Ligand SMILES: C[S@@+](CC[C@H](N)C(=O)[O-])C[C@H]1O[C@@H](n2cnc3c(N)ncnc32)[C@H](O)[C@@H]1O
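There is one chain below, alone, in structure tokens, taken in the form predicted alone.
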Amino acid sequence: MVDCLSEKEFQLFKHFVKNHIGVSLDRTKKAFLQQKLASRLNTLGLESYSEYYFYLLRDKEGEWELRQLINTITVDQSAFFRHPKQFELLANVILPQVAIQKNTTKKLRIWSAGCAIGQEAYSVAMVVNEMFKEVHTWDIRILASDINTYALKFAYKSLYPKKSIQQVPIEYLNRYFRRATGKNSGFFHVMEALKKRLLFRRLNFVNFDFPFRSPVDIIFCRNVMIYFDIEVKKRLVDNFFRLLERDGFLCLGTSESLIGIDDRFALMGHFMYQKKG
């Protein structure tokens, strides 16, 4: 039986996690962290949290164990069409505006940053496809990224249980999903034609250089910044500002705001912002 996570050990892991993925763990997360760390200790056959900490520091296998830790402590859940008002704004205001702005280049780039197991990215893709389904001259790409490799594998597999698709509008469900059969009976697959709109990548907000070849028109980063302190939030939003096209759009979660973080965006409503020109 592993002992309780000591205050000293908690502080070690708190700083370790903050330095590697930017997530801030306050004292209310101590029990959560202890539970998640215990599962890794059990898997590795280690006897103390301190032993596991030094195991992480010595890991030379391509940061394999760091990825396992990140997969264990990061949230991988989302929902299709979560916060419907944002998708209404996307369909009725943002995409028509972008279509006018980019009518010359006919290139649309969207980033679902922190896509978890893929529902947000597929929801965005459905709305985009409806807007441009009769237009075959547009170059449309949607990047879906997360730091959790387990979540990305789930998203790429694109197989969802029936209960998770209840918020998908019936016309979208009929058009973009098919019932799975055999051992996957009771699940639904995203249609391959829609899946081809997406590119899945593992990206870390803290230590990567945003390797985009061209500016992005719309960024969805919902319920991600709630895990960061003000310093990391400012750095992340600054990167978003730099990456976005002129007059580009940034969508946040309903418990997030740019107040006190960055004043270079104008609030459109429903936690969706537009980069000021």
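Predicted model only: the values in this text are computed from it and were never measured. Residue numbers run from 1 along the displayed sequence.
As for the form predicted in complex with this ligand, it is not shown, yet the points below apply to it.
Residue heavy atoms within 4.5 Å of this ligand in the predicted complex occur in exactly one stretch of 76 to 84, 154 to 162, 98 to 106, 122 to 130, and that stretch is 76 to 84. In the predicted complex, none of the heavy atoms of residue 176 sits within 4.5 Å of a heavy atom of this ligand.
In the predicted complex, no heavy atom of residue 53 sits within 4.5 Å of this ligand. Proximity of residue 224 to this ligand in the predicted complex: non-hydrogen atoms within 4.5 Å are present. Interface membership of residue 185, defined by any non-hydrogen atom within 4.5 Å of this ligand in the predicted complex, is ruled out. When you look in the predicted complex, the only residue of 147, 110, 90, 198 with a non-hydrogen atom within 4.5 Å of this ligand is 147. Residue-level contacts in the predicted complex: of 168, 94, 116, 142, one residue has a heavy atom within 4.5 Å of this ligand, and it is 116.
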